[in-house]
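As a starting point, one isolated chain is supplied in structure tokens, in the form predicted on its own.
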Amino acid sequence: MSAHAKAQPVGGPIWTRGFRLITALFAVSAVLMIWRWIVGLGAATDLSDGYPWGLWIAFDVVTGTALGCGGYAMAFLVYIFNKGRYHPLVRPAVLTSALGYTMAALAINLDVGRPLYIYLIPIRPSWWNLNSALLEVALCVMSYVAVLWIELSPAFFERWEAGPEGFLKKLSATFHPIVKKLMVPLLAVGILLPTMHQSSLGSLMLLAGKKLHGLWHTPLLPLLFLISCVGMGYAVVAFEGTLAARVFHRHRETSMLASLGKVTGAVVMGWAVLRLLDIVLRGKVGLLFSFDMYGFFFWLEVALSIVGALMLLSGSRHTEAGQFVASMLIVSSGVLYRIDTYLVAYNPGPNWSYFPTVPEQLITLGIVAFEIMLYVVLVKTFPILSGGTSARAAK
């Protein structure tokens, strides 16, 4: 396979049995979303004054955007460090990022008390609280969603330009050259925005003070969140590449992902070492051996990341199974780190408790299902994935 094989639509039927199943799951969650908007947060969730943020923020937003950092991480590697051989991985990574951030935006609309006023954030600067980390996160995420879809738009334009005469072909002929000219500044903005808001998501929990357990509350939270999202972004690229190759019977860029794995392993190992070094320098070593729930989850996060990193820094990165397992371990570590920071390690006091309600859980599953639905439709319709069908599928 050429490292620069042309991206092609996967093709094939969309309304398969599996697609129908995830559509049904999304339909159930869509009904619950409407119900939540009607009855409010109090009736639909287990949120309270003690736990103002729950599953929708911790997983759908904080974790979902980190899982959507593949485009950000690949942009760094390809355009900042000039590693052009990874270019075939960029478009699938940008699609994953666009979907992840768009679903996070949907989750934010579910979580805030007055979602109809969200549109005022970018257009009412006079209302801004310039001391709020949430303002920076809101503005960056809104901007980044738009940037990601513009970065992905050449895939749509290429498909429409090859189609019949009509509105879409004229639209592509007008805007495709404009997007090409704007791509360099768009890439620059696309690298700046996640750097800002991913670190700010860590900064938010600095405000929790003593409510956040000492193993997680550190001045390095912004940096740890940023490094973690880069490692997760690379891991998601390999994870998504493996699944796409299996499900759609595509050629898999095993050698390219092996090379990427070395970068991923170094980033993740650096995160784990920094995390442990921070504990030592802050004099919190005793908390590591407290043999309680917090110590268990801390060691689980670190163990998953170190094992995954070691696999990618060894010969395991050259095999499909090794890449897939290592990516799963790294993604699991990153997900756990964010959920622990926002929920598990957060304790507002003895009279408060939180566990996501069934509607919260079903809505989250529905958001994930909707993301999968969009991914399937887009890769089957537009040139996102590089290469062609595998020899196995051709038989």
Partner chain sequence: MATNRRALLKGMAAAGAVVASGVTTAEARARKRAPADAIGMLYDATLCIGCKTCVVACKQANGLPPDTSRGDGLWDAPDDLNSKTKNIIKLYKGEGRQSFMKAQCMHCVDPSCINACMMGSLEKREYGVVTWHGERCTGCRYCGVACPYGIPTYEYDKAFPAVVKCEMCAQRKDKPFKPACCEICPVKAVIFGTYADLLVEAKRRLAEHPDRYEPKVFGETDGGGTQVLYLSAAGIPFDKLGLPDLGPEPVPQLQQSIQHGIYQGFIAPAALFAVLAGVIWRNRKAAARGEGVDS
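Positions refer to the first chain, counted from 1. If you're wondering where the values come from, they're calculated on a predicted model, not measured in any experiment.
Just so you know, the form predicted together with the partner chain exists too; it's not on screen, but the next bit is about it.
Colleague: Check for me: heavy atom within 4.5 Å of the partner chain in the predicted complex, for each of Tyr79, Val112 and Glu136, yes or no.
Modeller: Judged in the predicted complex, Tyr79, Val112 and Glu136 all sit within 4.5 Å of the partner chain.
Colleague: Of these, Gly315, Gly286, Gly166, Pro219, which has a heavy atom no more than 4.5 Å from the partner chain in the predicted complex?
Modeller: By the 4.5 Å criterion, the partner-contacting residue is Pro219.
Colleague: Looking at Val335, Ala345, Leu47, Ile367 here, can you tell me which has any non-hydrogen atom within 4.5 angstroms of the partner chain in the predicted complex?
Modeller: Of the candidates Val335, Ala345, Leu47, Ile367, Leu47 is the one lying within 4.5 Å of the partner chain in the predicted complex.
Colleague: Among the candidate stretches 327-335, 38-46, 60-68, 25-33, which one is within 4.5 Å of the partner chain in the predicted complex when only heavy atoms are counted?
Modeller: This holds for exactly one stretch, 38-46.
Colleague: Taking heavy atoms only, is Lys211 within 4.5 angstroms of the partner chain in the predicted complex?
Modeller: Within the cut-off, so yes.
Colleague: Does any part of Met205 reach within 4.5 Å of the partner chain in the predicted complex? Heavy atoms only, please.
Modeller: Although the partner chain is absent here, Met205 would touch it in the predicted complex, with heavy atoms inside 4.5 Å.
Colleague: Would Trp53 count as touching the partner chain in the predicted complex under a 4.5 Å heavy atom rule?
Modeller: Close contact exists here: in the predicted complex, Trp53 approaches the partner chain to within 4.5 Å, heavy atoms only.
Colleague: Though only this chain appears here, would Trp352 touch the partner chain in the predicted complex if you measure heavy atom gaps against 4.5 Å?
Modeller: Although the partner chain is absent here, Trp352 would touch it in the predicted complex, with heavy atoms inside 4.5 Å.
Colleague: Determine the residues of 115-136 with a heavy atom within 4.5 Å of the partner chain in the predicted complex and present them in sequence order; the list may be empty.
Modeller: Stretch hits, in order: Pro115, Tyr117, Ile118, Leu120, Ile121, Arg124, Trp127, Trp128, Asn129, Asn131, Ser132, Ala133, Leu134, Leu135, Glu136.
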